[in-house]
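One chain follows as structure tokens, the form predicted alone.
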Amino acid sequence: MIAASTTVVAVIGDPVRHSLSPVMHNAAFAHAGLDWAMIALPVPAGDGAAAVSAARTMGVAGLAVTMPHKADVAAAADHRDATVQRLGVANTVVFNGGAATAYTTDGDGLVDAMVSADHDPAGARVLIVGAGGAARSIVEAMTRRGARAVTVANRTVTRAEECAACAVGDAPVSAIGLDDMGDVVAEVDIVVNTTSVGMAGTDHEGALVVPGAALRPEHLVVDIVYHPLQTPLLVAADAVGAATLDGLAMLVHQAVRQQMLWTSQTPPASVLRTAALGALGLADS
């Protein structure tokens, strides 16, 4: 029960009512016995900086930030961690003594999910499909972790080049068009889809984002789409015996990192995943 003493965090976005963040975070707070609660606050596009100021005024302890506010919130924060400085976007804010510090947990959340599944990207060759905000965060995190090589594939090659520029370290990073993926898929160890291809309710529902014939048993195939949980890409990967990670893996592990930043406690990822599956009306496989 929320009381006057309850510490409040909020997820902001436009839209935000579909967000799984409240159910995941509230399950984790309850599991830890913390008098904390997350609420969802719809914030119109363009008002991300105002939301940071308002949250500071109201004594909100932290924010989870979804589209389209990630860049505005990063700019509005008083302090930014090194990854936010590099990428210019944030998905988490911690308020301490009135000061707002911005972080991003997306890319590291995916790395954590991979490591927990015994697929550490360190030393791996990685293909990332898509060049949006999630892809940029993943490129940065993968190369910081020590990936051997990263290729970014996107419909617009200039966007792929901009995404590839988010890499850190000395690993070779290249950018290609989607039509050039066939040979690359066969050569890499990890394939990550960051696009909406295969998402239910879209024009490309049921479509494969990479050539299915190029998938092989040695691959780890990751899809950050979680509606449906088993996307066409993951079904195709499973059919050839490849290891897979579904879209909840990154979502859950980035939320675990948010909890660590807000509360200094690390909740079990299984608690957040079970809560998310329940909200989706699914059971874990």
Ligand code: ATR
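Here the structure is a predicted model, which means the values were calculated and not measured. Counting begins at 1, following the sequence as shown.
Another form, the form predicted together with the ligand, is not on view; read the next lines as being about it.
- In summary, the region of this chain contacting the ligand in the predicted bound form, judged by heavy atoms within 4.5 Å and restricted to 90-98, 74-82, 113-121, 147-155, corresponds to 147-155.
- Taking the partner from elsewhere, Val168 is found to have every heavy atom lying beyond 4.5 Å of the ligand in the predicted bound form.
- In the predicted bound form, the ligand lies farther than 4.5 Å from every heavy atom of Gly109.
- Thr105 falls outside the set of residues with a heavy atom inside 4.5 Å of the ligand in the predicted bound form.
- In the predicted bound form, the ligand sits within 4.5 Å of a heavy atom belonging to Gly132.
- The partner is absent here; in the predicted bound form, the one residue of Val210, Ala175, Val188, Val197 having a heavy atom within 4.5 Å of the ligand is Val197.
- Taking the ligand as positioned in the predicted bound form, none of the residues of 242-277 brings a heavy atom within 4.5 Å of it.
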